[in-house]
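In structure tokens, one chain follows: the form predicted on its own.
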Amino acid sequence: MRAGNRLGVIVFPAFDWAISPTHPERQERLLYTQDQLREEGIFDIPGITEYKPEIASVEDVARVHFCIPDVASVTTESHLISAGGAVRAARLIMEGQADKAFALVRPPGHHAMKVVHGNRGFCNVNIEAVMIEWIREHYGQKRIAIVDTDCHHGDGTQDIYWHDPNTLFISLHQDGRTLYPGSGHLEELGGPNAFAKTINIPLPPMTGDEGFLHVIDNIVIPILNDFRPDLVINSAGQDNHYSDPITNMLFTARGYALLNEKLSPDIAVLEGGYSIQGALPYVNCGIVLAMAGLDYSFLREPDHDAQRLRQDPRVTRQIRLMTDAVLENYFRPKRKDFPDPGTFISRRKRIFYDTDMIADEQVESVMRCSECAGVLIIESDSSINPPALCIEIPLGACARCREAGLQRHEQQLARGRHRILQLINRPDKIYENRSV
């Protein structure tokens, strides 16, 4: 037996980090998986190689996030290693050491937004975004598609790439009206400079293999074929599994493997999944086999019952009715009346950190631009930190957006009500954090 694809697997269980000893997001999530992969002899198969993670630097995080008051206050070494595991996966692909890579790491990251005050949804650092921006920093402005298959909407990833026309974000998740974080609705399509580059597919509770695979075949793959990304990233959350204790879906390990085969991502990064013994070892084994191009037809959970896991016809009808609406959102979106380039557009956001009990009120403004993602200005007023002003000059910024960002930065240095001033200046590789 030899792998059809050279697969690099990065494993990091984060032995020293947990929200609490009995919290669903704890080290046992990956210890059982690690044991299973070794017991099955996965790493003895030629073509599948285990690698150690790197440690992401403070600059790697500061390239993506405004961490208030600073990176050190909202991260631990485990967070930096988890993000570094994703970076290692990217390095394997970009340097040609592997055809595909799977970062089996924790803590997860897809609920971490552009501004970070603490932990929300078990996430402090958006590990996929750190990885993606590492790729762009070293290999240029790649067109990248993120397909998030976690059961919870990837609201942090959506927030980070809301204005980026070079990033397509597609999220398959349990309908936000029935599950945390309550977002990811059909009408959430992206900001004025990246409209219809955010695509949400809210699935009804009790969606099974049939529904997930229908969405991949009839929505996700046609959109990817049109977008033509340089890289496809799978945020491979596994809490859609029928045994997961905090969700309401019917997906199976074999279904996950088939989804992965159809999607064929360059890189998969573990996100959620909290059925530590009943799901994670089987699902991860299936994903590894699929990414390696090996047979997974024998894969089955010990308590698998095909009749019990059959998708209700009403769920099937609901998903099929939604298909055309999602395709319309991408191929024929109803254009909003955006103002002319050079004008700032604002939105207000209320963000609650459910783990750390922090409330944040934000005013986000972006310059309408037809040439780049637009200079981004965020005013953050949280219940834990002093008021902060955050300015991002994006990678590939046009001259007007770059000048507007630098001018606003200088104005705030001279006078302003915000006590914390942070700057992400991607063109000049400057990441400033000042108290003013």
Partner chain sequence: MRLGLDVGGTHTDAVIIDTSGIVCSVKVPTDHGNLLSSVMSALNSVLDAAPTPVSAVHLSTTLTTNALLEGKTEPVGVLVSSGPGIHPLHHRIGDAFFVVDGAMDHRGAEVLPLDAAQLGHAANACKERGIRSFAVVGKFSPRNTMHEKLMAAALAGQADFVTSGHMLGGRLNFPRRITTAYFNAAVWRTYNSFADAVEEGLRKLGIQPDLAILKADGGTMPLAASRSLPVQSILSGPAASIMGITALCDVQGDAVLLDIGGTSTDIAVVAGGTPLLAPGGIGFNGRQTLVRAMVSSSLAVGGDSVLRASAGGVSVGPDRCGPCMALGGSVPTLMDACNYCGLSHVGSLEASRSGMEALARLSHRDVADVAREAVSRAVAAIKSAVDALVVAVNEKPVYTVREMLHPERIAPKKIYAVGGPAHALSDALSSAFGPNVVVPRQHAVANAIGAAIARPTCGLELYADTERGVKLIPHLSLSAKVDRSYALEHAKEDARRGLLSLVAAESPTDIELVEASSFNMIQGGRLAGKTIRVQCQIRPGIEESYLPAFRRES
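Owing to the predicted nature of the structure, the values given are computational and were not obtained by experimental measurement. Residue numbers count along the first chain shown, from 1.
Not pictured, yet referred to below: the form predicted in complex with its partner chain.
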Problem - Contact of residue 237 with its partner chain in the predicted bound form (heavy atom, 4.5 Å) - result: no
Practice task
Considering only heavy atoms, tell me if residue 55 and its partner chain come within 4.5 Å of each other in the predicted bound form.
Solution key: yes
Practice task
Please run the contact check for residue 382 against its partner chain in the predicted bound form: heavy atoms, 4.5 angstroms, yes or no?
Solution key: no
Handout entry: Close approach of residue 121 to its partner chain in the predicted bound form, 4.5 Å, heavy atom
Key = no
Fill in the blank from the handout: Partner-free chain; cross-checking its partner chain in the predicted bound form, the single residue of 90, 259, 170, 81 with a heavy atom within 4.5 Å is 81
Exercise for the section: May I ask you to choose, among 70, 40, 371, 403, the residue with a heavy atom within 4.5 Å of its partner chain in the predicted bound form? Expected result: 40
Completion exercise
Partner contact check in the predicted bound form: of 181 to 189, 299 to 307, 130 to 138, 259 to 267, the stretch with a heavy atom within 4.5 Å of its partner chain is 299 to 307
Practice task
Report whether all of 31, 44 and 281 sit within 4.5 Å of its partner chain in the predicted bound form, measuring from non-hydrogen atoms.
Solution key: yes
Practice task
Scan 168 to 203 and note down the residues that get a heavy atom within 4.5 Å of its partner chain in the predicted bound form; none is a fine answer too.
Solution key: none
